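One chain comes next, on its own, written out as structure tokens in the form predicted alone.
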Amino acid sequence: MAVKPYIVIMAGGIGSRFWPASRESMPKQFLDILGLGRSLIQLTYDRFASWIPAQQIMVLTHADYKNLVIKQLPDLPVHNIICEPARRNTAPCIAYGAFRISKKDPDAVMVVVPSDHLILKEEAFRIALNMATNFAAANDALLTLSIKPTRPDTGYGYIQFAEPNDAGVCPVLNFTEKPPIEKAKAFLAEGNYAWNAGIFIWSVSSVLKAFMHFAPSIYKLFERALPHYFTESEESYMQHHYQQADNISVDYAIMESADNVFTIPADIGWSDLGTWTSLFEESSHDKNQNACNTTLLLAKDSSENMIRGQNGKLMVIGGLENFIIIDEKDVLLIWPKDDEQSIKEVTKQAAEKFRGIFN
């Protein structure tokens, strides 16, 4: 790779759509959801560690998860774990990371990636990043990788793009966040729309300029922290000021307003693993199209189910089709796949009524 970027792994979420496996005390990114012997954040770190120095890999996480990051990523320098004292969505944490990197290397290119996505075609991913980082280093540009849609999914953001320029990078015409089904179908028919993968590439100077113009309150909050970065007072400053930041995603804060946004449509074997159904789609299936992480399964007249059980526990399923069946030690979830978007609301109800179980 011609440009050696700084990788920022975002790992502060709770993963409520993966409840009851994902809990506030042990979110999805720290779980071995895929059954590969490595957690999602470990797989994300591994994806970069073979060709990016550990000093250039950072993890942005909630302060509650610092020890989990240290335990699961022992090769990551501890000072590269950036802790948020409060959850304020992606814009503040990205601004925090960008200011911190800029103090160390003002000419740096920054790659922002979620900690819990699946990327099967890693060489294609590396090639796409090579193109993106070279473009970001040479241009005042905000880039995102995008994915060709395979279905009219209403759970993703859509990017409308123009024909690629000479560098093979496509100008972005419009962002549409989670459209209704009819609009999603129209996007697929039109052809020049892609899913937003949530993977961003930009120079720190470009993204900070965008924050200054479109999210000035966030910019000023973290600009005032410049004397504190990499000092003993950094944590104290954030404890006192971080929660003042607007609770907003980077898409809404800057990407939808900026006119220098580009995308690279990439075939990288991507899944956001955002729901049990997305995990179902990436899992192996038995002859009845059930996906199950245990060999101890007896299923009769049952198909298209996502089944997760405790190791060594026999799962007996009868007469169920297209269900999510998750058996944790203290919670059993049986929920229709077609209504999985409601699981996030169910976790809120569980948190209110059964706080100990939810956490």
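Residue numbers here begin at 1 and follow the sequence given. Given the structure is predicted, the values throughout are model-derived calculations rather than measurements.
The same protein also has a form predicted in complex with a further copy of the same chain, omitted here; what follows describes it.
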Checklist entry - Any chance K353 has a heavy atom within 4.5 Å of a further copy of the same chain in the predicted bound form? => result yes
### Task
Classify L36 as contacting or not contacting a further copy of the same chain in the predicted bound form by the rule of any non-hydrogen atom within 4.5 angstroms, answering yes or no.
no
Original post:
Taking 4.5 angstroms as the cut-off for heavy atoms, does D327 touch a further copy of the same chain in the predicted bound form?
Top reply: yes
With the partner left out of view, is F18 within 4.5 angstroms of a further copy of the same chain in the predicted bound form by any non-hydrogen atom? no
Picking from M26, A54, V331, A63, the single residue whose non-hydrogen atoms come within 4.5 angstroms of a further copy of the same chain in the predicted bound form is V331
Q) Does each of L76, H79 and K104 have at least one heavy atom within 4.5 Å of a further copy of the same chain in the predicted bound form? A) no
TL;DR on 313 to 321, 28 to 36, 63 to 71, 42 to 50: the one with heavy atoms within 4.5 Å of a further copy of the same chain in the predicted bound form is 313 to 321
